[in-house]
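Coming up are structure 1 and structure 2: the same protein chain in two forms, each one given alone as structure tokens.
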Structure 1
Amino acid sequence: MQKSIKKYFALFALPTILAFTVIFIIPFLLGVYLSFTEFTTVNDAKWVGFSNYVKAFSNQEFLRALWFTVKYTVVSVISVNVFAFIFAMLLTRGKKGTNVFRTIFFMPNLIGGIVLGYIWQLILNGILFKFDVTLTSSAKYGFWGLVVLMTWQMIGYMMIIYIAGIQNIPKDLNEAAKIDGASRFVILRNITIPLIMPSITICLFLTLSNSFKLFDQNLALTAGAPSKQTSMLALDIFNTFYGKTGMEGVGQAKAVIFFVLVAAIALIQLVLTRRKEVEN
């Protein structure tokens, strides 16, 4: 059977492979190469070794964006997951209206980042107006604005995954614990949380990588203002490429560093999930 399928390579595999090569593989390899060169249009690339990387790491804006991104990621991972877990606990009591609530909580996920950014710009500026400031008066407003926005957007998604995990816990375990007189907190700590560890891992890493790669919401909400203090990594890379000419090489080096960081997060997740699978 393999042989007869093999004849159909051109029909079945080739179109995807071609598009994938042209749009992903070549640009990826070219991107790695260009990060070691100075260029403005790809054709005029001149090898400069690691100097772009040195420039990237001594670039104040990049370091500030990196620090901002890390801080923001830590805070939003905690806030999204804590709220999503509480929401999931509230919704798994099997009471009336659960589905309607689930529908409402999940909805913000489907709205695009640009639209979300402007929705929250209106709301947050409206609140801050009462205190005579705006979202872009100080970096701390932009920071917490992004946290609120992303928490609002991602709670629903993570909640759904937590609900799936909680519903998989065998009912008799909870009942047995209740008969033994275990308090609600003990049940939560010793039964619920250990048994939904796979969901927790998935949610932590989904929020981690989504927060780390955030772009659209950042652009729409503050666009980095005031004076780039609320730029996250993705936006800083974008601005390095398209903000001024002559910085393309540094921009590409920043992009490679960004890629390595994101890949590291993904690899840690892979290792952790694999280890869990072995234990079970």
Structure 2
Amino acid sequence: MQKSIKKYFALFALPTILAFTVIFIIPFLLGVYLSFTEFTTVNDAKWVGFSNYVKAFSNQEFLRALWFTVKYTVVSVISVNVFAFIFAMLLTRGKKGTNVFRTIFFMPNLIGGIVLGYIWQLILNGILFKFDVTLTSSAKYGFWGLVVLMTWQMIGYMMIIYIAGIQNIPKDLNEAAKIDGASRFVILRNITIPLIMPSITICLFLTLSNSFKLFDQNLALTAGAPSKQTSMLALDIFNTFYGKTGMEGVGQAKAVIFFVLVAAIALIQLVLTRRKEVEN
């Protein structure tokens, strides 16, 4: 069996490797190169060194988008995971109809971000109109609108992952703890949470990366209004690259910075939470 695997490994792995190289590796490396150039097309790129990065970091719109994205990510990661965990705990008690509720909570994740953005724009503006304001009247309304949208969309997906982790906890542990007189809070803190750390790792990674990369919901809900105060990083990069002639290199530099930032934060989160898994 091992000889057969070694013999045919290249045959089966080569198509995937080639596809990954052509679709991801080459465009990524080309994008990094273009971030050091001025260009309108790939063929007329002119090397300018780090000037695009200097312009990116001196751009107030980019820095504002970065700060807005960080604030939004912190709030949405907490809200999504807290509500998803609460619903997961409620839907693992063996009550009738839990499968129906799991399906209902998961369904928003199947709807496209653009569609969700316009739907929630109508809903939230309908509520805010009663107070003579809209989502674009102030950055705070757009901020909380995005939080509500993201939380509503992602809860079901994260809930399913938490449910899988909770259901893998041996029932004997909970029963033994109850016999010993442990309260629900003690069981939650000392048994449930430590044993579902792999699920927590996955959920934190997904919500963290998705929050940073949010684009279509941001575009549909506020489009950065008012005055680009609710633009997140992905939308700011898009507007720089396609909305300003001669700024393609700066937009590409922002994209590289964006990639490095998200990758670094995600890796740090994975390392920290995986250490907790090992400790437990």
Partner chain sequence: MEQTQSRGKDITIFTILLVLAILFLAPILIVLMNSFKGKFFISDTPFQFPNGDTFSGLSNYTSGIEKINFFSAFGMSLFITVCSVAVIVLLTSMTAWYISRVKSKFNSFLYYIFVFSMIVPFQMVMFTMTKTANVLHLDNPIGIILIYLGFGSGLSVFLFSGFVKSIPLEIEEAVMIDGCNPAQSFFKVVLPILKPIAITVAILNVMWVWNDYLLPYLTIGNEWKTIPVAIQYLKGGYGSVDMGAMMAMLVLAIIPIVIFYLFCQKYIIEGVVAGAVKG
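Keep in mind that what you see is a predicted model, and the values were worked out from it rather than measured. Sequence positions of structure 1, starting at 1, serve as the residue numbers. The term rigid core refers to the most C-alpha atoms you can superpose between the two forms while keeping them within 1.5 Å.
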Seminar exercise, completed: Note to self: form predicted together with its partner chain is structure 1
Exercise. After the core is overlaid between structure 1 and structure 2, has the C-alpha of Leu11 moved by 2 angstroms or more?
Worked result: yes
Exercise. Taking the rigid core as the frame, does Val260 move its C-alpha by 2 Å or more between structure 1 and structure 2?
Worked result: no
For this session: Give the C-alpha shift of Thr21 between structure 1 and structure 2, in Å, after superposing the two forms on their rigid core.
Result: 4.2
